[in-house]
Ligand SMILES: NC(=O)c1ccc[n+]([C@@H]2O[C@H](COP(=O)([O-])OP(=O)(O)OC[C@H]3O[C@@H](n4cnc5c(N)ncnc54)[C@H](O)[C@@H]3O)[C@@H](O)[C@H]2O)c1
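Next up: a single chain in structure tokens, the form predicted alone.
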Amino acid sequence: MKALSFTGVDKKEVLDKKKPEVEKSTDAVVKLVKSTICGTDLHIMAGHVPEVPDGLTIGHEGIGIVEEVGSGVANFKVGDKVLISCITSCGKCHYCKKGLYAHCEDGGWILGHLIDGTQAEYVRIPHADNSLHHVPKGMNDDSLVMLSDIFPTGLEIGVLSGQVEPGCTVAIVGAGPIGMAALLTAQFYSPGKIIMVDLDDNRLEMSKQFGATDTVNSKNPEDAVKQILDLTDGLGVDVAMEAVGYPKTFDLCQEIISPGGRIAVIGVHGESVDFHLETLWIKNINVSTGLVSTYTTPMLLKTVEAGKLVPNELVTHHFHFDDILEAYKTFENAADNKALKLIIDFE
């Protein structure tokens, strides 16, 4: 089979690899129908995730058709159409029993990170019963791909960890796919104001279509802080979500948070940041970080099925898998290409 593989910092190739097989009784092998490229994949390519070995197939999102199942798989059979969760979970270990599937002792985020992932024609899914979801009939395929990672991440690590509530003021720093998913799911809880912050005016304009009440371009960080404070009558925001993964965006969140507020770090950070405890200790704030556990995926599936959430609105480009290197170029230069979320088609 063909697979997009990490071959060193800033290097990637489509390689010929052996088609995966069931290795344990709880495995399934899935033939991919659609996948996508995540911002985390770009962090991997940049060398920010050093545990990724050379030659690993990248990708942790997608939908497909079950090709083979192990004898211990009870919930899925050959031919089932499935949503692949970005998180692999056994459902039995100490952390799984606490609902922290991200920290499963025999799983967590391993697809495209520690084992071969979904930017390939086939993928092996460990603990299939807990790591796959049945696809409701008639649901849009592009929307389903968005539920592998970005929507549960935006909801769990941004909205829920940030304790968004009716009437509160929210700033989302980063209007990329994760930031947009946080924007859409934050509206489940009726915040009074949602301020989107980004360098890209096109993405900021798009965020207004998705429900942002205000937008701020952060090319000049000091001016951006002033604008946000002006929008909040000098108080700052109740919830600041950092959805990029760079020190400057975390700095901005520290500058705009109100006393009693919550900073929710969603972005993947590859270097240390300055944490200004000398000014924050007195403000009664909470800072949360986290890796998504995808415990909200069943709820999100029902929400999409009911038409209350339309994730495929974030899709701006389609590429066939044969053109995945071109897709990466497009995503790496998202601002120039007005790209938000890309779909990789295998059919």
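This is a predicted model, so every value here is computed, not measured. From 1 onward, residues are counted along the sequence shown.
Just so you know, the form predicted in complex with this ligand exists too; it's not on screen, but the next bit is about it.
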Counting heavy atoms only and using a 4.5 Å cut-off, do K81, L147 and H318 all touch this ligand in the predicted bound form? no
Closest heavy atom of G39 to this ligand in the predicted bound form, within 4.5 Å or not? yes
Indicate whether V29 is a 4.5 Å heavy atom neighbour of this ligand in the predicted bound form. no
Should D200 be counted as a contact of this ligand in the predicted bound form, where contact means heavy atoms within 4.5 Å? yes
Using a 4.5 Å heavy atom cut-off, state whether C90 contacts this ligand in the predicted bound form. no
Please identify, from 176-184, 231-239, 135-143, 255-263, the stretch that has a heavy atom within 4.5 Å of this ligand in the predicted bound form. 176-184
Between the options S207, S218, T169, S85, which residue brings a heavy atom to within 4.5 Å of this ligand in the predicted bound form? S218
Which one of L300, I58, V292, I63 is close to this ligand in the predicted bound form, taking close to mean a heavy atom within 4.5 Å? V292
What are the residues of 227-261, in order along the chain, with a heavy atom within 4.5 Å of this ligand in the predicted bound form? A243, V244, G245, Y246, K248, T249
